[in-house]
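Consider the single chain below, provided in structure tokens and representing the form predicted alone.
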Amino acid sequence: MISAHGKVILFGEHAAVYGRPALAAGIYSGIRVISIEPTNGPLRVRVRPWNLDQTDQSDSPVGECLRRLSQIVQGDQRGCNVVLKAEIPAAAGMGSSAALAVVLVRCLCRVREFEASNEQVRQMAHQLEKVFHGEPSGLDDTVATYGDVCLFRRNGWDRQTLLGLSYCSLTPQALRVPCRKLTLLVGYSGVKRSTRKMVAKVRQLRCENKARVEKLFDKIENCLSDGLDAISTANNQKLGESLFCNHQVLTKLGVSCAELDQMVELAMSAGASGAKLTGAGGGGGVIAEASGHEEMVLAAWRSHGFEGQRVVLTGNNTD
């Protein structure tokens, strides 16, 4: 079955754009293929339940994505009709565009009988991501392609040992993090947001006061280091505290919103050890570590009109 992972960013949003590390994880339920029909006509994609139905003739980012897809996938010039099922919402910070890009690349490669490695798929998907996000870091398409929990730095790594632990490479930019099965809660604010706009907002803030923003990035990196240690030692309480610390810094960067802050507060009042926005911010979703209190947190979100669910992250079990 052709599929791609959703994703959550645990630590490092926005700082990753400027060469700082980020820690992200794949979600098993991302996007999967329901059907592929090769054709001699245009590329067409339908995604349930996003109510998306577009072709390479559409005047939209998805239409431009399909046109670029046809150019970069080698082989004959056959098109296809693709029907997909999304288990993650669109525009919620869950890597929906990257998962869509990866699945589309894999589908057209199959139709055109082009055997692409995972890294070739990722590179092609990265080109499609540029349609949606301008200059993406590469984090989302890496996680969508490979899954796993990974440390990412867009300029690569000069060593593979951090906190006394060794990591294997997924790509020059991404290191696979071994960890036990990790279950978090993901809540959806229902507020649509634009990654491109939020990245531009932070860029403008950094232009106005680089020293202040770099200090905030330092704090984010410290949160990541603490969170990585928490994951490696299965310390859920410390992980939650690190998540909340990262959220506080993102709030100072101006990328949170009232709904996201409310969801974080609701989660922690209901027993979560910590929570934070995930993704670009300005809307989208939050993640929470709430071991033993999952149902109470989900109920608190629902009582205020927010949806949520458990997600199992695609880490490598080290037991």
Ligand code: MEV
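All values derive from a computational prediction rather than experimental measurement. Just count from 1 along the sequence shown to find any residue number.
Missing here is the form predicted in complex with this ligand; even so, the following discussion is about that form.
- Proximity of residue 280 to this ligand in the predicted bound form falls within the 4.5 Å heavy atom cutoff.
- This ligand in the predicted bound form is approached by residue 17, whose closest heavy atom lies within 4.5 angstroms of it.
- In the predicted bound form, none of the heavy atoms of residue 84 sits within 4.5 Å of a heavy atom of this ligand.
- This ligand in the predicted bound form comes within 4.5 Å of no heavy atom belonging to residue 147.
- Contact annotation: this ligand lies within 4.5 Å of heavy atoms from the stretch 195-203 in the predicted bound form, the single such stretch among 212-220, 106-114, 74-82, 195-203.
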